[in-house]
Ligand code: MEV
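Encoded as structure tokens, the following chain is the form predicted on its own, with no partner shown.
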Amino acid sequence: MRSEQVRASAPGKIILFGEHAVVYGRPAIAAPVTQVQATATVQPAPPGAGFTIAAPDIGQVFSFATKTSTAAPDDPLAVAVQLVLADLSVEAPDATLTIRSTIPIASGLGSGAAVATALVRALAAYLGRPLAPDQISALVYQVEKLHHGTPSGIDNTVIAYEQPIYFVRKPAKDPAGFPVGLIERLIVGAPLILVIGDTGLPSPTKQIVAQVRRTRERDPARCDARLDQIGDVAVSARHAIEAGDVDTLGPLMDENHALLIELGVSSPKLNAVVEAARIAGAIGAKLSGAGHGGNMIALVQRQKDAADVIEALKETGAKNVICTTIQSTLPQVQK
């Protein structure tokens, strides 16, 4: 256990291809978004002070030992701490853990998984037992169940590894309940310049995933055909990304968005900002994440083209717009 402060961070994430289909065993592609971050800081407290969790962004402060605040037993922050302590077989230290985040909540950028990843990473490091990405991902997946009900596993994976990944979920699960799947780091053959636009509308993943499940139960043949097509698009996108074939990716994004519309997870606002991006010069655009609201992504060929797309999205009512270039990053753990 350290006697000095430890800080760890985790990026947001964006799904490039395969949302919803990934829940049913089809492939998906996701990448970290480093422009937005969750940060966890652990500071030592006097002996006997106990362990305190503070999340000033959402006005939450509670003692882990006594639960003297409004934190419920299934509070994601409390659960994340409990998982780390149980995994390491240690008691809660005398310390204060503070969480801050610039990632919008319920927008498809992986806010919940990023906060949990930063917390797990920081607390384990403070306890002198740093965890590997696969260990972090497995713990965060347990927290993701609170947010999403039946999560695909892609958010915790891409955020814990902080690398663009190709992910296929398998029906089997390991003894800890984590879905077994294929996780492969993507080699990005050419920079992918993305403009991410937030519609400002909520994207409640848990409810939307349940909606797709009901749709599939009513008409499995039609729904599975769309999921298969989305999976095929993801496979083609992987080949294009690895080959540096940016021109091919644009139409694949458009195709993926059209299939998500047929799946019933888009919305008039999402369709409007997607179309605005295309008109402004994006070579492809689609919703990203659960849908209904949240974020969309647009692919541009050059950095200077991003300005026109950003302006168009703002004029169409996007609440927040950022530009990111897909690239590898390393986990941040600092003294």
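This is a predicted model, so every value here is computed, not measured. Residue numbers here begin at 1 and follow the sequence given.
Quick note: we don't show the form predicted together with the named molecule, though the next part is all about it.
Contact residue in the predicted bound form, chosen from Ala290, Val42, Val273, Ile53 - any heavy atom within 4.5 Å of the named molecule:
Result of the distance check: Ala290.
- [ ] Would you kindly say which of Val143, Leu194, Leu259, Ile154 lies with a heavy atom within 4.5 Å of the named molecule in the predicted bound form?
- [x] Comparing distances to the named molecule in the predicted bound form, the residue within 4.5 Å is Ile154.
Quick one: does Val209 come within 4.5 Å of the named molecule in the predicted bound form, counting heavy atoms only? Yes - in the predicted bound form, heavy atoms of Val209 and the named molecule come within 4.5 Å of each other.
- Check whether Ile326 has any heavy atom within 4.5 Å of a heavy atom of the named molecule in the predicted bound form, and answer yes or no. The answer is no: Ile326 has no heavy atom within 4.5 Å of the named molecule.
Original post:
Does Thr199 reach the named molecule in the predicted bound form, with heavy atoms at most 4.5 Å apart?
Top reply: Close contact is absent here: in the predicted bound form, Thr199 is far from the named molecule, nothing within 4.5 Å, heavy atoms only.
Using heavy atoms and a 4.5 Å limit, would one call Val22 a contact residue for the named molecule in the predicted bound form? Heavy-atom contact with the named molecule at 4.5 Å: present for Val22.
Partner-proximal stretch of 22 to 30, 294 to 302, 278 to 286, 42 to 50 relative to the named molecule in the predicted bound form, 4.5 angstroms, heavy atom: Result for this chain: 22 to 30.
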